[in-house]
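One chain is shown next in structure tokens, namely the form predicted on its own.
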Amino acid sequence: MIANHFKFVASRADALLSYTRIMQRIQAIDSHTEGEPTRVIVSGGPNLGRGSLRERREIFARDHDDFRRMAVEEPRGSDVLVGAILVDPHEEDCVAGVIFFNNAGVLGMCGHGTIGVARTLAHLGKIKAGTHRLDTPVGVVEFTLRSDDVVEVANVPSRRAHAGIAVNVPGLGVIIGDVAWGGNWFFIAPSPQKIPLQLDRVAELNAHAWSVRGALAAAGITGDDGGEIDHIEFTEPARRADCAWRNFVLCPGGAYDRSPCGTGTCAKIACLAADGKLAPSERVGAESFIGTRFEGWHSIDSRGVVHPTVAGRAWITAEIELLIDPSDPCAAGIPKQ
């Protein structure tokens, strides 16, 4: 009886060992930036070649969408989670390369995600306090990790493409706002019907932002490069004394940004600079929908181009290993309708 028991245990152990050998394992580190989560894939990601980050983003989007879905969608993730894959940089003076993505697809740039990546690199011992360069699909982004763990991100050049654009939104009437680039395309407007930007109104705000996005597309309103306006930013006066505005940002996949939105803050700064309401080097606070804060400022070069910087904090929340079982029908995430 005892001998048979040990044989059974041994056979179960052999089966378990064989089973674990076929599991794909992906190492990741989770963090949140002023409330907005980021999952950084540090090993086990797909081979994207050695081309530019823009080229590698295209390969990732074309050939590895199952990996994207696996990493950030249910059952391992959620609609609000933003993913980032660390890769070797194409530009030699960069500390790393990164491709951002979410539940809707790949992203060009992500401000809160860059802050999360910076804290992750520090957590891994890859960087220390100081200024570093990060290779992204929209260009090299410089960031400074301060000794107090605040990360300053010198974002890509930002601009307001269109001021005071009027769009007729079914059920809401005419909404007037600005179209601006901060690494993603934004439509920035006051909160429709003066709905307060607070948690108990989130269902209305989400619905209205989707309606605005649909109306922009139907009217053929795009960024000045023809890019889709896939971020909608509603604003109201700040509730914090150290901020100039409070925002609600709807992201491409339908989730709202818990942070003040890094690229959205840069887009807003570009609008304020264009209106002469924010002087170069003047610091301004941006308050999120949940009350957290980013700080931003800008410089203007000899061509009149706005170069914004956004600063905020991130906290490491988990070191995790994602497991992919080939027999799992939801291995690549639960399909969206």
Ligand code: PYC
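As the structure is a computational prediction, the values presented were derived from the model and not from experiment. Start at 1 and count along the sequence shown; that's the residue number.
Beyond the structure shown, there is the form predicted in complex with the named molecule, which is absent from this document and is the topic of what follows.
Student: If you drop the named molecule in as it sits in the predicted bound form, superposing on the site C-alphas, does this form leave room, or do 3+ ligand atoms land within 2.4 Å of backbone or C-beta atoms?
Tutor: Open.
Student: Using a 4.5 Å heavy atom cut-off, indicate which stretch of 110 to 118, 210 to 218, 169 to 177, 124 to 132 touches the named molecule in the predicted bound form.
Tutor: Looking at the other structure, the answer is 110 to 118.
Student: How about R246 - does it come within 4.5 Å of the named molecule in the predicted bound form, if we only consider non-hydrogen atoms?
Tutor: Contact check for R246: no, nothing within 4.5 Å of the named molecule in the predicted bound form.
Student: So in the predicted bound form, is the named molecule close enough to D257 to count as touching (4.5 Å, heavy atoms)?
Tutor: Judged by the heavy-atom cut-off of 4.5 Å, D257 is in contact with the named molecule in the predicted bound form.
Student: Residue-level question: is I229 within 4.5 Å of the named molecule in the predicted bound form, judged on heavy atoms?
Tutor: Close contact is absent here: in the predicted bound form, I229 is far from the named molecule, nothing within 4.5 Å, heavy atoms only.
Student: Is C261 near the named molecule? Define near as a heavy atom within 4.5 Å, in the predicted bound form.
Tutor: Heavy-atom contact with the named molecule at 4.5 Å: present for C261.
Student: Considering non-hydrogen atoms and a 4.5 Å limit, which listed residue (V151, C251, L197, V87) is close to the named molecule in the predicted bound form?
Tutor: By the 4.5 Å heavy-atom cutoff, the listed residue in contact is C251.
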